[in-house]
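Here you get one chain, nothing else, as structure tokens; it is the form predicted on its own.
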Amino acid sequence: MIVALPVLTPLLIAALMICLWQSPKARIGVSILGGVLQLVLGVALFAQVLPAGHLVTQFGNWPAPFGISFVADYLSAGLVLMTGVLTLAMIVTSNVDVDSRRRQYGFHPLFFVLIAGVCGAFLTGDLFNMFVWFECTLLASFVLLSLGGEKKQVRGGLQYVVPNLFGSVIFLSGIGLLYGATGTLNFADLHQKASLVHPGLLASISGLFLVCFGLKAAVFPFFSWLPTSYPTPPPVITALFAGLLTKVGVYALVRTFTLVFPMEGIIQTVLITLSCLTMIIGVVAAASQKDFKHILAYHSMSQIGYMTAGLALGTKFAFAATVLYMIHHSLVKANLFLIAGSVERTSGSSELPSLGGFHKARPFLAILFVLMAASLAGLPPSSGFWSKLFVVQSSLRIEQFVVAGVMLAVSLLTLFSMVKVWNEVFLKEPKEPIPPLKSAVDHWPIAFVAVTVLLFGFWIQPFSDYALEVGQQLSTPQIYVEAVLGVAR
């Protein structure tokens, strides 16, 4: 039953928040309790999955593939744990970043519904329920983007929801075609029956899933919604989206193209090409921006290319690199958006020309930024260095030298953008005096995530061992199939 708790708990917290609608202080206390519980559940689930390899729950005792299955393997358990870390950091930050009006409009319930949707997508064992959890996250994220009713938010929300609704239509169409061809939607059962489908039909269906999941992950050319919508809501919401929502799309690509569809032929070539274009276009666009949040938004898109490239390479080591990069990027990019939010709350702007002087006024924040920026750019011995090293090595092992070259060039341009932000936000003299820090709460969630990132970088062995175990599971789908269908037998 512990497999379902990371989904059920935030839903119960959201319901409790609605009951406490007239008690703002009680809502804040319960929200922090919910963040702590989500982290504890993530740790507990991960601790149980490590020795077992898989934990499977069949709801209502209906055997797979007929019932609803929740499956926690090394990949999904690790992502649920990462979600718990970000949930606690974001919910604490929201108490200084989200105004009382947005809280009154339902920020806290929506936040936990979003977390439930993310964990549900990570843990579900069939495609239709993945669609359900995708729609849960889409609904909550659209309202969170638009919460407050400001013109830029409504515009950003529409630019976000319209392409994602289009992606949902493609997703549902792909589900219908796949069910018609195989008679099942359970991942484990699909692995056994997809090979019986005509190769041309299977390739066409896999193309639909590549489009819809590529849109969710913001892969080129389906990325336009990300840089236009991410900078519009309060930074803590943007940080939550950057840390989790695109990773749900990447996770869906990883799960379907290791269990259901073969990563070969034209699909592999297309995904490698799109991954390289995603990296290049995102980093070039980021280098041309003059707004802190816009720079981070375009880099969010660019870094997705590393993850999808690892998947497209199709080897056990490349799968491990993809997972390592997903966890690194989720933590680092969410933290950079929290830092951008702290700067914006202090100065009232995120435009680089109007900022400056933060290395003197906020030395601790400056140190945290340097650590996160170095990791994003891949400087040793940060988490970003190890993650990029794994992906580049994966490319070189199968002689994909162009892909490796693109990755290295994009890392240099990422470093350029981070140096520009450092010079403009922290190093140069401010135009106006920076007010003193009002509360330490503004910084400690950032420090909490930064400590996790530092552990990742300086204590890489357990993280790399974990990633290699994930790569082994993903490259041997029969392990997953036996865990799910073996329970039924």
Partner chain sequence: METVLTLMVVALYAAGVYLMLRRSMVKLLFGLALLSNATNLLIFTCARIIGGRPPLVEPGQTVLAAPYADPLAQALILTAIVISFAILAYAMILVRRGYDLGEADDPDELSKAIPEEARPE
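Numbering follows the first chain given and starts at 1. Keep in mind that what you see is a predicted model, and the values were worked out from it rather than measured.
Omitted here: the form predicted in complex with its partner chain. The next part is about that form.
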Worksheet item: Using a 4.5 Å cut on heavy atoms, which of A366, V92, L172, V197 is close to its partner chain in the predicted bound form?
Response: L172
Worksheet item: With its partner chain left out of view, which of G157, G357, G314, P262 would have a heavy atom within 4.5 Å of it in the predicted bound form?
Response: G157
Discussion item. Please identify, from 78 to 86, 387 to 395, 173 to 181, 323 to 331, the stretch that has a heavy atom within 4.5 Å of its partner chain in the predicted bound form.
Written reply: 173 to 181
Discussion item. With a cut-off of 4.5 Å between heavy atoms, is L408 one of the residues that contacts its partner chain in the predicted bound form?
Written reply: no
Worksheet item: Any of the heavy atoms of S146 lying within 4.5 Å of its partner chain in the predicted bound form?
Response: yes
Practice prompt. With heavy atoms only and a cut-off of 4.5 Å, decide whether V162 touches its partner chain in the predicted bound form.
Written response: yes
Worksheet item: With the cut-off set at 4.5 Å between non-hydrogen atoms, does A285 touch its partner chain in the predicted bound form?
Response: no
Discussion item. For the stretch 321 to 359, I need every residue with any heavy atom inside 4.5 Å of its partner chain in the predicted bound form, listed N to C.
Written reply: E351
